[in-house]
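Next comes just one chain, in structure tokens: the form predicted alone.
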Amino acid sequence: MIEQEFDAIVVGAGMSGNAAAYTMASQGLTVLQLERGEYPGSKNVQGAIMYADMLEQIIPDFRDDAPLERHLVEQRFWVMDDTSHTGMQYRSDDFNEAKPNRYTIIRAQFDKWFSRKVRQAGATVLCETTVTELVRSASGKVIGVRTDRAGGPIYADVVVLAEGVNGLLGTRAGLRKMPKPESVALAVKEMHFLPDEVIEQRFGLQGDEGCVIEAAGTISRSMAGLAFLYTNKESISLGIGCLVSDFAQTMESPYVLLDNFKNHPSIRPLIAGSEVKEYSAHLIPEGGYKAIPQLFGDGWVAVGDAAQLNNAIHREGSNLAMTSGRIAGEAIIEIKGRNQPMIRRNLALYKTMLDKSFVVKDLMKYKDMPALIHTNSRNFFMTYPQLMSQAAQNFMRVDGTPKIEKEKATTAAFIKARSRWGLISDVVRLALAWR
């Protein structure tokens, strides 16, 4: 296999793994990155949102050649029942700035580009290579890995686990527990291809402007879930995700949910005439701050989805992944510069640095939100969307019915749904969790 001993081995070539590998290699560390896919991004056909500030801290000039789709100028939030949506949106020409803040990307293309940057920085990248085992010293310190390639173990001072939320390497080694079904979501996604001029006309866009729609409501059949639509240059990324535990309990099919979302009266016209070319399923950490496992130990650190670093409340993941990978790399560089061993006591620096960043601060602030939404999912994703739709329709429909009678009908609907006081309770609890 490889006889060289490395400063660091990075397992995984997604957002967090690439960020860690690039950060270390660009500062002269010898880095080996191992990816089980055919190429970085080969398992990620879906579209995503990329947050520019976080990537700019790693590769300042990324806009020169990164495969960016559209910069986002509009965000729509929809609460849906079966035939309608109640929404709010924000659009600003301020987002047509010289260096836009958010972009849509296609992960297969973006991850491949990021990996090229990792190689150019000096790292060795091996694809189609599965890490099967962590190698430990007699004292239990992680000192390398074994892979499915011929040959013996590969040694390194430290191993960075960037294997994703369902990676088995860390769990098999006893470094972290398998994520619980109630802390992981399964998202199913499709890519719908349309000419760029059609996308721009349907969403009111010009040039490389982009729009995002995020939706919740009866489309998830009372499960805690979110649907989304991202505009790319010549495609639309469309998907929906719900907790694995909810899928197991309700026996709902994710494919049926996606099909229903595509055929919703508010979505169907936006993708009419499109050609579906790609489909994927993806696990996403949803447990928030309370689900974060041990992040470091003797000879290892965990980053990105492998560390459950995803902000489900604000629908942010790639920025936390890139930032955690960068910070892990910087911590390892600092320890290396001190000529200190990569043991638990020293690698605690990674956790200290991460705690000072927005990553942990944001997750800690909203640490009670995921549990509140998940345990009251029927109210938030079924009852309230239906009541909102009924109230809006009563307000807008002019049919000679006295307004007082319509107001009484709306109030009666709340009482019938036994949500009058439940709504107040949920709002108070939501406000307290948000505080």
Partner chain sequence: MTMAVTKLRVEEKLYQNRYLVDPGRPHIKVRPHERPSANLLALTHICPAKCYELNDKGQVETTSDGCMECGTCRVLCEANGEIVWNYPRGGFGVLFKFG
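Positions refer to the first chain, counted from 1. Keep in mind it's a predicted model, so treat the numbers as computed, not measured.
The same protein also has a form predicted in complex with the partner chain, omitted here; what follows describes it.
- Although the partner is absent from this view, residue 90 stays clear of the partner chain in the predicted complex, with no non-hydrogen atom inside 4.5 angstroms.
- In the predicted complex, the partner chain lies farther than 4.5 Å from every heavy atom of residue 209.
- Contact annotation for residue 341: none of its heavy atoms lies within 4.5 Å of the partner chain in the predicted complex.
- Interface residue remark: residue 254 is counted as part of the site for the partner chain in the predicted complex, having a heavy atom within 4.5 Å.
- Among 85, 189, 326, 336, the residue placing a heavy atom within 4.5 Å of the partner chain in the predicted complex is 189.
- Scanning 358, 247, 77, 95 against the partner chain in the predicted complex with a 4.5 Å heavy atom cut-off leaves one residue, 247.
- With the partner chain omitted here, the record of contacts in the predicted complex names 175 to 183 of 175 to 183, 342 to 350, 95 to 103, 310 to 318, defined by a heavy atom within 4.5 Å.
- Scanning 159 to 178 for heavy atoms within 4.5 Å of the partner chain in the predicted complex gives 163, 166, 167, 168, 171, 172, 178 in sequence order.
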